[in-house]
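Here we start with a single chain on its own, the form predicted on its own, put down as structure tokens.
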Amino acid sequence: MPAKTEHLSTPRQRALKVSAGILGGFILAVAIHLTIGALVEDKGPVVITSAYSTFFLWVALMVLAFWFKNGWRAWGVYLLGTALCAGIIYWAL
């Protein structure tokens, strides 16, 4: 039985969600790890574990992008989170 079209998103919204999940999620995952690295004194463990934890966080952010009803909102949240991390890094250093 096919899905109701009222529950499906438009191709443009789908493209926005995919791009937000892949590109925006990666940028936000890296920004979060850079923020942690800026706040922690001992940066060795952060560098070592960031290779794996960035990937896991990126996958979670990709899935999270599809929970938004609007692709623009997903981009907004990811860019706002990245800007927040950049602000924390700026004030921490």
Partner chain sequence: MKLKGLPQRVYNVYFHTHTVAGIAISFGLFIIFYCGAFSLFRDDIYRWENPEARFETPRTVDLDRAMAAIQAAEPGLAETAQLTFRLPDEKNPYLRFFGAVYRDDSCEKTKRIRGVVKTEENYAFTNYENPKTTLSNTIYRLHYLGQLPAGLYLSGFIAVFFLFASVTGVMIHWRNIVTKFYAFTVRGKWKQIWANAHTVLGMIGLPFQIIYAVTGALFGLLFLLLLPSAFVLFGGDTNKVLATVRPDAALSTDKNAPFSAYPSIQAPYQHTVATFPGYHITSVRLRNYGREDGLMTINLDDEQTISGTGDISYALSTGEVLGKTDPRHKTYTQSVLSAVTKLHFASFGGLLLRIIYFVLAMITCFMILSGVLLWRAARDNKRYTDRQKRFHHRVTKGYLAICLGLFPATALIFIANKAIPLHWMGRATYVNAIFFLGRLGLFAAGLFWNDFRRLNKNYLRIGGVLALLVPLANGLVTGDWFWRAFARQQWYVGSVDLAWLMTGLAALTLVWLLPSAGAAPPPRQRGAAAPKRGTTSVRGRHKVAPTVYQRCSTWFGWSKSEVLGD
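Predicted model only: the values in this text are computed from it and were never measured. Positions refer to the first chain, counted from 1.
As for the form predicted together with the partner chain, it is not shown, yet the points below apply to it.
- The candidate spot formed by 30, 59 and 66 lies fully in contact with the partner chain in the predicted bound form, as each residue has a heavy atom within 4.5 Å of it.
- The closest heavy atom approach of residue 79 to the partner chain in the predicted bound form falls outside 4.5 Å.
- The closest heavy atom approach of residue 73 to the partner chain in the predicted bound form falls outside 4.5 Å.
- Among residues of the shown chain, residue 84 is not one whose heavy atoms approach the partner chain to within 4.5 Å in the predicted bound form.
- Contact between residue 22 and the partner chain in the predicted bound form is found at the 4.5 Å heavy atom cutoff.
- With contact defined as any non-hydrogen atom lying within 4.5 angstroms of the partner chain in the predicted bound form, the contacting residues in 28-56 are 30, 34, 37, 38, 43, 44, 45, 47, 48, 49, 50, 51, 52, 54, 55, 56, given in sequence order.
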